[in-house]
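The chain below stands alone and is given in structure tokens; this is the form predicted on its own.
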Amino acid sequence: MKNSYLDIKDEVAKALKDGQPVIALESTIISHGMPYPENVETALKVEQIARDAGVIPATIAIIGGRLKAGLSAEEIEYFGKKGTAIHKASRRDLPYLVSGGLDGATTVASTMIIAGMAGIPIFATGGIGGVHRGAENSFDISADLQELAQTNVAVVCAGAKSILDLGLTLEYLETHGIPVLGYKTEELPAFYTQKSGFKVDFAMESPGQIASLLKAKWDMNLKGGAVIANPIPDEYSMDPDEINTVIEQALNDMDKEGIKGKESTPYLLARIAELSGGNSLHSNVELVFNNVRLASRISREYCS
């Protein structure tokens, strides 16, 4: 049954009706991920990469209290210009934004929710959230993980963001029965780098193999999504020692400034970009492009 709060863009609705491949994309990367106009240029290029692969892109957002599955170029421009003035929206924020007729930039969790409502099973992003370092004291665990446990959308990413406690993040995913699939890798990528020292659950060698696993999972009514970990291309991977030093400095700076909760990730990514001289932002953009290419191939296989 169509959700009365949801607007599906015409080309997205037609593709879904015709059984054609569609991938979901988040909007937080537009409003909170980078400055204008780079944010808009990146969002439009991401959509074009999907189209070039024969897949319809559906950028997810909330505009004027309406849940949107698919944005126009004008709406993407609007999000890019407003930037961080737009609410960063996770699951808990959706009722507030919808009832108040407000705008929201969707995180991984809320993008999954709206994609699930629209019937879009594949979603490409940069990296998922997870268990934050020091969570044994702060209890800071991303809502992305809980959403992966209950919403039937697979997330193609470059692993979990390396600002997190990757070991505890994998433990949480295992507890909730969320498979972590490594695309042509047995090791969990760590966002900016290809290696983390942690193993994925299953190494997958092709988009078709991934699509078959997803179909089997959902055909058996095994609730929840999957993490499809796609390592950043080698030419854009950062030196592990260098980026880990930068991350530690950014974490220390965040603690000194008392930044917590949903503001922590945007702060850390911006601070890391500053400390790395912009290198991390360039890597971030390239890994998103790489994930969209893989998600498009998986979506085509899943539809076939």
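Here the structure is a predicted model, which is why all the values come from computation and not from measurement. Numbering starts at 1 and follows the sequence shown.
One more form of this protein exists, namely the form predicted together with a small molecule; it is left out here, but the text below deals with it.
At a distance threshold of 4.5 angstroms between non-hydrogen atoms, Gly33 is in contact with the small molecule in the model of the complex. Remark: Ser142 counts among the residues lining the small molecule in the model of the complex, judged by a heavy atom distance of 4.5 Å or less.
In the model of the complex, the small molecule lies farther than 4.5 Å from every heavy atom of Thr59. The closest heavy atom approach of Thr265 to the small molecule in the model of the complex falls within 4.5 Å. The contact with the small molecule in the model of the complex, taken as any heavy atom within 4.5 Å, belongs to Gly127 out of Gly80, Pro231, Gly127, Gly104. Contact with the small molecule in the model of the complex, judged by any heavy atom within 4.5 Å, is made by just one of Ile29, Val46, Ile247, Ala69: Ile29.
The partner is not drawn, yet in the model of the complex one stretch among 70 to 78, 216 to 224, 106 to 114, 175 to 183 has residues with heavy atoms inside 4.5 Å of the small molecule: 106 to 114.
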